[in-house]
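A single chain comes next, written as structure tokens; it is the form predicted alone.
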Amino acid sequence: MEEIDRRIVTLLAQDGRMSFTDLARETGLSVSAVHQRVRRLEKRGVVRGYAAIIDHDAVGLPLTAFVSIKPIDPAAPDDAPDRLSHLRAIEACHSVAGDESYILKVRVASPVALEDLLQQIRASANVSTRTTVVLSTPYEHRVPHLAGEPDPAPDITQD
């Protein structure tokens, strides 16, 4: 990927609603050139979409947890993601190496709702679970450091 495309991707990751005019100003390209590059990045699948970042507390989903799952029967088909796709409380499903097969990121309204979701997960996918409840999230949705970009300088400001 060209350096200018990496810059565009980084800017869009910081603000997915950034206008083509602002992107042009930040990259030194014309508005039409930025528009063409963004469309090309979208067609190539580099930019897969744009989404609002939701305040989960404000919408009644203050409890976040990571649920590690593994099949009760190791010989069973590896179809847990398909079996769990109907559960909207599961925000993400990651296939992982290690003892578990998948780690799910879930968001629910309460500990009771989490307990109910865990029962649904176990019944739907025939898996055992191990749950870690999130106490706080110092940061999330960080802008990725793209391959080929220089490493950012450390913040060494002192009082």
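Each residue number is its position in the shown sequence, starting from 1. This structure is a prediction, so every number in the text was calculated from the model and none was measured.
The same protein has a further form, the form predicted in complex with the DNA, not shown here; the description that follows concerns it.
Residue contact check for residue 95: none of its heavy atoms lie within 4.5 Å of the DNA in the predicted complex. Not displayed here, the DNA is approached by residue 30 to within 4.5 Å at the level of heavy atoms in the predicted complex. Contact check for residue 17: a heavy atom falls within 4.5 Å of the DNA in the predicted complex.
Under a 4.5 angstroms non-hydrogen atom cutoff, the DNA in the predicted complex lacks residue 107 among its neighbouring residues.
Shown without its partner, this chain lists 70, 35, 56, 122 as candidates; in the predicted complex, only 35 has a non-hydrogen atom within 4.5 angstroms of the DNA. Of the stretches 108-116, 87-95, 57-65, 36-44, only 36-44 has residues with a heavy atom within 4.5 Å of the DNA in the predicted complex.
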